[in-house]
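As a starting point, one isolated chain is supplied in structure tokens, in the form predicted on its own.
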């Protein structure tokens, strides 16, 4: 049987985060795609081979799971430079969008094509046969609606082919992706696992394990609030809302364009302006450093008020809650506004992750812990079955 490689992938609304193998490789790609009608021109093949493949992902996808099969896409950084780039729309379901699958397959193919993986996956005539054990997740709202079941079975039921077109280092390679197993976890539960357990699922945070906790995960398109008690997510009380930071980022981008005449490529550019360490909330206009503080503050404060309202409503329904953790990319953007509102209003016990990387990678890390543990147990079961069979012979 082919070797199965572990992959833990969080297709976040802003970017995809993936962890592979024995945690020796991770990948972060902006969640932006652009459809191509034809192959893109090559500007010097030598230049192409010196680039990082993730900077120029250009692929054709063959998969019966896609509504739009056999299409050509620019993915990630390359797509942000296209005039027809697509980001996920508010209100869309992650489990039902082709974009989620395009991102997922592209990330797996990038990993499978790495030179170091020649030992793991069979290669012949530029075709790589890659088998993965995948841990991924969906928003609570979609899991509660049962959409995880269909999503998992679509991934498991087919072979998905990624053909690299004009991609640095990998041009001309085809990757056939199969899944030995797929686990789809609810995002709130995954966040809890990451808070209290290490990579071997040993409890590292004894103080937290028996507390009543809220976890408010603010993403690009949605917000999930997990209610944790008795070491479990309370599915009935957990809630998901179609309220993320994407619309606000889009509004900031639009206002910067109309007020200052500056065109930003994507929401990712807006995030960089409002989170960078130096010169935060400043852009260059005709070569002059210009503040966009007024635009950013007004729009983000409005969003923070809506998020705070959700916190207040859920806390009232779960009055014995001891602490609420804000996680996800959106919480990094709204942190200062939420803290200020909380200080002036209710004074709840809330906390943020000061380490931005930790907050952004939280889901991918959690999926990795869960899928690695599943894989280990699975291997043990197989070995004991094989031993039984040898004995009976």
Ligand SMILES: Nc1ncnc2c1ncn2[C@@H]1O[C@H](COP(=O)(O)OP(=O)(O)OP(=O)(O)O)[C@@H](O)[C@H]1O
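Rigid core: the largest C-alpha set superposing within 1.5 Å between the two forms. Quick caveat, the model's predicted, so the values are computed rather than measured. Positions refer to the first chain, counted from 1.
Beyond the structure shown, there is the form predicted together with the named molecule, which is absent from this document and is the topic of what follows.
The three marked residues, 17, 219 and 329, each reach the named molecule in the model of the complex, with a heavy atom inside 4.5 Å.
Although the partner is absent here, residue 103 lies well away from the named molecule in the model of the complex, with no heavy atom inside 4.5 Å. At a distance threshold of 4.5 angstroms between non-hydrogen atoms, residue 246 is in contact with the named molecule in the model of the complex. Although the partner is absent here, residue 356 is a contact residue: one of its heavy atoms lies within 4.5 angstroms of the named molecule in the model of the complex. With a 4.5 Å cutoff on heavy atoms, residue 333 counts as touching the named molecule in the model of the complex. Shown without its partner, this chain lists 360, 338, 61, 27 as candidates; in the model of the complex, only 360 has a non-hydrogen atom within 4.5 angstroms of the named molecule. When you look in the model of the complex, the only residue of 275, 131, 290, 82 with a non-hydrogen atom within 4.5 Å of the named molecule is 275. Contact with the named molecule in the model of the complex, judged as any non-hydrogen atom within 4.5 angstroms, is confined among 192-200, 294-302, 219-227, 74-82 to 219-227. After superposition on the rigid core, displacement of the C-alpha of residue 145 between the shown form and the other one stays below 2 Å. Residue 174 shows a C-alpha shift below 2 Å between the shown form and the other one [criterion: core-superposed Cα displacement of 2 Å]. A displacement of 2 angstroms or greater separates the C-alpha positions of residue 273 between the shown form and the other one, with the rigid core held in common.
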